[in-house]
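Quick setup: one chain, the form predicted alone, written in structure tokens, and binding and motion questions come after.
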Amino acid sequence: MTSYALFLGCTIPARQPQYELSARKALTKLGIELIDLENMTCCAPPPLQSIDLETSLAVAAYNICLAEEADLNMITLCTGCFESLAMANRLLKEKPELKERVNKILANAGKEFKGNKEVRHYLQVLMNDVGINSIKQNIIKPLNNLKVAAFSGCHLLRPSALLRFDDPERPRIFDTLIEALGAKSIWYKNKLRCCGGLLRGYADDVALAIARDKIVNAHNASADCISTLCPFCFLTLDLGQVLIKTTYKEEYNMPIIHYAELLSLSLGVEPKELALDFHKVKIDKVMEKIG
């Protein structure tokens, strides 16, 4: 069994227990052991990098130091956390002078970034450690009747030179993993466009208009659901439909489902084990198609 230090971040444990539950159950079934480390803190998300780069890198690197001390590579579920941690890891490995300055900050907390571990998103672990064939062999309940609109969000793919996750213009990893479950990953208009989530609290009307565009395009493509990887994308599109109903007087009832939930269901995890009631838009239609 391959072991990883699990980085949960802030939003998932606070607001989306169904994401954590499904990821833990699915990865465990596929032979990935998740180790919880004490004293993990915030990842210092992307907006903080524009305020003070070295401080934000030090906060991110503090978490990586914990994984280094445990002699474990790190796995993330949140794409924003992945961007922060993977970018910090890459920058500090490639820029010795920056690493030295950040380590001076870390020394105040008794830590030193060494740069001997990797930060991986859980899709990378599924692709590279588990493998598509192994996933297919473990499927108990194929999602053959499901048309899924994949939405990877922004932070998984960019900055591509540092994250090196997938082709930022024509990504295929997420689609491939959806289709490994037996579902069809469909094309829809503006598939890679932002959900608008980071504008919430600053320009709510613009954020909601962008989210509505994503929902409408998936609806027009006859998607049964939108599958997300990012907890902010999930919130924006799931809770956002409540706001779309009151603001635009439109109701789409488009289920928003984390890929980890689809994966768990296809691996035979019982729905009652996955806290699916945390979805604002009920996923009954999807569950009926899954059977």
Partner chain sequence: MAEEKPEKPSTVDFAREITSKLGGETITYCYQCGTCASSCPVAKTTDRYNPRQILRLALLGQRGEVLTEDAIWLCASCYNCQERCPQKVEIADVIYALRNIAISEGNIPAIYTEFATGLMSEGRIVPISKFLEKKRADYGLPPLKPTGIEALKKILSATGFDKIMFKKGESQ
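Positions refer to the first chain, counted from 1. Predicted, not measured: the structure shown is a model, and the values here were computed from it.
Separately, the form predicted together with its partner chain exists; it is not shown, and the next lines address it.
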For this session: Kindly indicate whether Ser152, Asn217 and Asp224 are, all three, within 4.5 angstroms of its partner chain in the predicted bound form, using heavy atoms.
Result: no
Exercise. Is there a heavy atom of Pro159 no more than 4.5 Å from a heavy atom of its partner chain in the predicted bound form?
Worked result: yes
Exercise. Is there a heavy atom of Pro13 no more than 4.5 Å from a heavy atom of its partner chain in the predicted bound form?
Worked result: yes
For this session: Answer for Thr55 alone: is it within 4.5 Å of its partner chain in the predicted bound form, judged on heavy atom distances?
Result: yes
Problem set entry | Close approach of Thr246 to its partner chain in the predicted bound form, 4.5 Å, heavy atom | no
Seminar exercise, completed: Here the chain appears without its partner; judged in the predicted bound form, the stretch of 196-204, 121-129, 70-78, 141-149 with heavy atoms within 4.5 Å of its partner chain is 196-204
Problem set entry | Of Ile186, Ile135, Ile173, Leu106, the one that lies within 4.5 Å of its partner chain in the predicted bound form (heavy atoms) | Leu106
For this session: At a 4.5 angstroms cut-off on non-hydrogen atoms, which residues of 13-51 are near its partner chain in the predicted bound form? List them in order.
Result: Pro13, Ala14, Arg15, Pro17, Glu20, Leu21, Arg24, Asp36, Leu37, Glu38, Asn39, Met40, Thr41, Cys42, Pro45, Pro46, Pro47, Leu48, Gln49, Ser50, Ile51
